[in-house]
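Consider the single chain below, provided in structure tokens and representing the form predicted on its own.
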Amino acid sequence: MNLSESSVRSSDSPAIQTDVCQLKIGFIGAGNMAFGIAQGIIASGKIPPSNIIISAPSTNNLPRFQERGVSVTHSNEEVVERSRLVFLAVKPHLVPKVLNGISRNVTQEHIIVSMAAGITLETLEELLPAGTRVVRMMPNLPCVLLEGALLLASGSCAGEEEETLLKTLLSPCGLVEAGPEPWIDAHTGLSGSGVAFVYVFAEALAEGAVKMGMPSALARRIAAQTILGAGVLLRDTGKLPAELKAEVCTPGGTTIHGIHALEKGGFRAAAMGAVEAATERARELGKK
């Protein structure tokens, strides 16, 4: 189905009776993730800012949305009433309260997209009216700069149509993939928390250079550019990390000696352990 020429519909649920370019989109929560996603939707060119509304209990984060032509309110109910695609961008512990407050306004025409870590599809569906189309989405911080990594998982009443719509709208935010719900927690560990792991590595790289005599500010800039360049190469060449590593390592050279030091320090096991620990914590949050 051509999303730009026809209404968006799920084979098991009612159509959103509108052309995609006229789709009304709402956000409940006005933090960095909501801002990044909203920027991506606007950047797609498919949705005008005037079709987007966002709610938050305070005005602190609302001006940056208003500057981009997005409507703002303090009423979550108003967001639901004026939207068909609603992003839930609040802290996990607030989800039950927020959904209880809006559930009477939710219809089967709505798609509810939750960005709350650890809140399962089962929990979301229990808190919303029967038949509601629900999607879990886990973004990461670089979405703010439209360089994010997002993973989608659909509930029992949503599926390929909803995922296709979201991929179309969110592609400017970065990489958008879909998979089964258990992958969401692994994605949290890999990419959601993984951003912070990369920052720890960047900090350590820079401190190593400072130890060797480089000024701190310069070391931080070079570390950031090194990670950026390495990431772009990994993404755009399609080569495996091991292949790119081999291209840098010359026999008896500086890089292989440095890698040996990383291996002696347990770097690889520590990185894998960090992803595992963050994933397990996400699973624990989902059981509460």
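Predicted, not measured: the structure shown is a model, and the values here were computed from it. Quick note: we count residues from 1 along the sequence shown, nothing fancier.
One more form of this protein should be noted, the form predicted in complex with a small molecule, which is absent from this view; the next part is about it.
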Practice task
Identify which of 53, 56, 47, 219 has a heavy atom within 4.5 Å of the small molecule in the predicted bound form; exactly one of them does.
Solution key: 56
Handout entry: Contact residue in the predicted bound form, chosen from 165, 115, 127, 72 - any heavy atom within 4.5 Å of the small molecule
Key = 115
Problem - 4.5 Å heavy atom contact, residue 104 and the small molecule in the predicted bound form - result: no
Practice task
Using a 4.5 Å heavy atom cut-off, state whether residue 134 contacts the small molecule in the predicted bound form.
Solution key: no
Exercise for the section: Indicate whether residue 148 is a 4.5 Å heavy atom neighbour of the small molecule in the predicted bound form. Expected result: no
Exercise for the section: With heavy atoms only and a cut-off of 4.5 Å, decide whether residue 92 touches the small molecule in the predicted bound form. Expected result: yes
Fill in the blank from the handout: Exactly one listed stretch (170-178, 84-92, 105-113, 154-162) reaches within 4.5 angstroms of the small molecule in the predicted bound form by non-hydrogen atoms, and it is 84-92
Exercise for the section: May I ask whether 98, 138 and 141 each come within 4.5 Å of the small molecule in the predicted bound form, counting any non-hydrogen atom? Expected result: yes
